[in-house]
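In the form predicted alone, a lone chain appears below as structure tokens.
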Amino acid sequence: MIEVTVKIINQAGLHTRPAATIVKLASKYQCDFFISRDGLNINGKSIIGVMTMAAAMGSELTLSFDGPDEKAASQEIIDYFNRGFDEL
């Protein structure tokens, strides 16, 4: 299991476009993917789940990956967060 804390660095936060991209990226992999924040733990492969995070700039989220391709999934998704959802 891989667990990493990431910070939302783009000004608009985790809005619809990056949420959809995260779900699309996560769906390519077999591993389970969860996002946690302030006691809320959601399935990262669910657009409704990701949208409920309502994470603004500066929010910290914990990403958890568990499964056979967890390393590849974590690298791609963490990189997307670190690029500010390609909005910087």
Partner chain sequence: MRSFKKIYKEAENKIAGIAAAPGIVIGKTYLFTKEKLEINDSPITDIDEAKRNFEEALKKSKKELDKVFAIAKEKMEETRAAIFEAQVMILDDPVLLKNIESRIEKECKQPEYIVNDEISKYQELMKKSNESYMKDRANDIEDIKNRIIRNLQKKRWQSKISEGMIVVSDTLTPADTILLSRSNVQGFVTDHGGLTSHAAIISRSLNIPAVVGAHNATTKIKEGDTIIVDGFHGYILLNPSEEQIIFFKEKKQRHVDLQKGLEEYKEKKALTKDGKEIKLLANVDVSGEIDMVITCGAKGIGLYRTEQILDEVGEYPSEDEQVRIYSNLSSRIYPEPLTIRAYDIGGDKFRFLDFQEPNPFLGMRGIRLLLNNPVLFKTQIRAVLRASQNKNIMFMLPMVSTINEIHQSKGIIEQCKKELRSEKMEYDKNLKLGIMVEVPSAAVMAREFAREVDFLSIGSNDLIQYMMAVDRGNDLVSDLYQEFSPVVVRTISHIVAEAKKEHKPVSLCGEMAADTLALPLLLGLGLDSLSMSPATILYAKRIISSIEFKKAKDLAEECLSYTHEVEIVDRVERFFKDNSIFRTRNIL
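Keep in mind it's a predicted model, so treat the numbers as computed, not measured. Residue numbers count along the first chain shown, from 1.
The next section is about a form of this same protein that is not shown, the form predicted in complex with the partner chain.
Checklist entry - Every residue in 16, 43 and 46 with a non-hydrogen atom within 4.5 Å of the partner chain in the predicted bound form? => result Spot residues vs the partner chain: full contact, yes.
Next on the checklist: Just checking whether residue 51 would be counted as a contact of the partner chain in the predicted bound form - the rule being heavy atoms within 4.5 angstroms.
Outcome noted: Contact check for residue 51: yes, within 4.5 Å of the partner chain in the predicted bound form.
Checklist entry - Is there any non-hydrogen atom of residue 11 lying within 4.5 Å of the partner chain in the predicted bound form? => result Yes, residue 11 is a contact residue.
Item to check | Any non-hydrogen atom of residue 26 within 4.5 angstroms of the partner chain in the predicted bound form | outcome: Looking in the predicted bound form, residue contacts with the partner chain do not include residue 26, since no heavy atom lies within 4.5 Å.
Next on the checklist: Quick check on residue 55: any heavy atom within 4.5 Å of the partner chain in the predicted bound form?
Outcome noted: The answer is yes: residue 55 has a heavy atom within 4.5 Å of the partner chain.
Checklist entry - Hey, which residues along 71 to 88 are within 4.5 angstroms of the partner chain in the predicted bound form, non-hydrogen atoms only? => result Contacting residues: 87, 88.
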